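Below you'll find only one chain, the form predicted on its own, shown as structure tokens.
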Amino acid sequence: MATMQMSVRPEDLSQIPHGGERIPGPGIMVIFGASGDLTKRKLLPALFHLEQVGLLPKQFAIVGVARRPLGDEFAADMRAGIVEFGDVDTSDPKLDHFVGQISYFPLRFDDPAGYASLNVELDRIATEKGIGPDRLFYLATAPEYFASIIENLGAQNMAQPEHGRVGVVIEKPFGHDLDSARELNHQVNAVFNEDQVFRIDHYLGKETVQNILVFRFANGIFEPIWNRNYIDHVQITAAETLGVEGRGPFYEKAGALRDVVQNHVMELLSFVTMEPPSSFEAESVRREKVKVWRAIPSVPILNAVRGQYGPGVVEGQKVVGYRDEERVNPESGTETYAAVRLQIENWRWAGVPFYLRAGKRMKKRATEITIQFKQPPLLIFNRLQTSGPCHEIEPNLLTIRIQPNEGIALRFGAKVPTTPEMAVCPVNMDFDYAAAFGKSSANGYERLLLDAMLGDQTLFSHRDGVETTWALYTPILEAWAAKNPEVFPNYFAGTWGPECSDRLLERGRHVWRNNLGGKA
């Protein structure tokens, strides 16, 4: 194993260029649903990390909006969240100034008069702090409030000002099927132009995801073999050890296919398989991603598998099954595991199978992409391999670890030393992000929030991409909804999912890679 070593300060957000052009102009960020965990655990810590490295404008304000009357306690709660979840020292000299920029405005999301008052309050803050007309509205609410908030922003002329930049950030899910996604997109675009809309998928803020494009297109060694002539198959796994964590009502409506595969996993697939964009501007990157998704033919229902966890042991602790979780139907047919096999019918990938899976309460937490290359003609070595740990020549594997042990590993064959015969064993070259660059406290939202403030949509979903992926998975969801599963639960918590998912892999020629989070 070879590990690259490089000294970089952990607090250095090296993924963000520090040039002056990357600092947004003065503005106000308005967070709807600010009393929820997302704001305290992710958004405010990310914004403060940007403040620490000088990437926020001097004239900047954050207004939290929610239904509860919180008043001054909101800012104090956010300060505690920044310290706890942002790995921030309480004595940081920038912390008090940053918290002083936070205020709170109570509002019922369906109250038109409240939006008029909010507009007045934003104008007051802008005048007081010399901020100007730039606004970014962040919808960190439950999806059922999206349409009401957007409609009321439009009714108060807060979406299309005469001056300044205004944008809206929408957290997933972007609908729950094709029809609802189209309806949501129609409601959003009736108020905001598409270039104002930032559909956020936090996976795209991860350094390891963005690095897929750098790995592919900045290294001439890989591009010539990144195709059907050399690649045997690709696996993408998003495995969690957690259960539903008290979010039973949400998960009952979602399930693994909606919650993870249709968005996170498909984004990873597009980065692995897209053609080189003409530039890294939003339109070029999005165009290539949509081309890939549109090249995927409809997935036969036999090429999709669902599962649900029962009781088991996870990380040494006994856990209950999904049907025994809080606020979950005891006869629930919701899948906590989903796997699909699909093809991409284009010149680069024709004939290469792609296996995608995501699940809760699995054996290990790991999000990983494994690219297995075709075997070379190894007849002379196969004749020499006889017994022992290296009795079989293994194919080359390229493993991209998205989380938690971020890095890239390459497995290849090498001669075993001190043996007279030509014995070949697999060895690894390994690149580890933490070892090379130091561990960062960034959570992935830093890059996305900064891009949204700058109006850069490269790492955000376009309505065409959202509708294309929903069109692919809606028939599967409809087929599953039409027939309740007979064998749920069908895997124990703390395992790698249901045995029936093995049938997706080509007639036994492939197997799921379960050494996740380790070496290739």
Ligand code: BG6
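Residue numbers run from 1 along the displayed sequence. Quick caveat: nothing in here was measured; it's all calculated off a predicted structure.
We do not show the form predicted in complex with the ligand, though everything after this point is about it.
- The single contact residue among 267, 325, 240, 232, judged by any heavy atom lying within 4.5 Å of the ligand in the model of the complex, is 240.
- Checked against the ligand in the model of the complex, the residues 403, 180, 189, 329 give one hit for a heavy atom within 4.5 Å, which is 403.
- The partner is not drawn, yet in the model of the complex one stretch among 97-105, 134-142, 257-265, 207-215 has residues with heavy atoms inside 4.5 Å of the ligand: 257-265.
- At a distance threshold of 4.5 angstroms between non-hydrogen atoms, residue 361 is out of contact with the ligand in the model of the complex.
- Using a 4.5 Å cutoff between non-hydrogen atoms, residue 165 does not count as a contact of the ligand in the model of the complex.
- The ligand is not drawn, but in the model of the complex it has a heavy atom within 4.5 Å of residue 203.
- For residue 291, no non-hydrogen atom is located within 4.5 Å of the ligand in the model of the complex, even though that partner is not displayed.
- Contacts between 139-175 and the ligand, taken as any heavy atom within 4.5 Å in the model of the complex, involve only 172.
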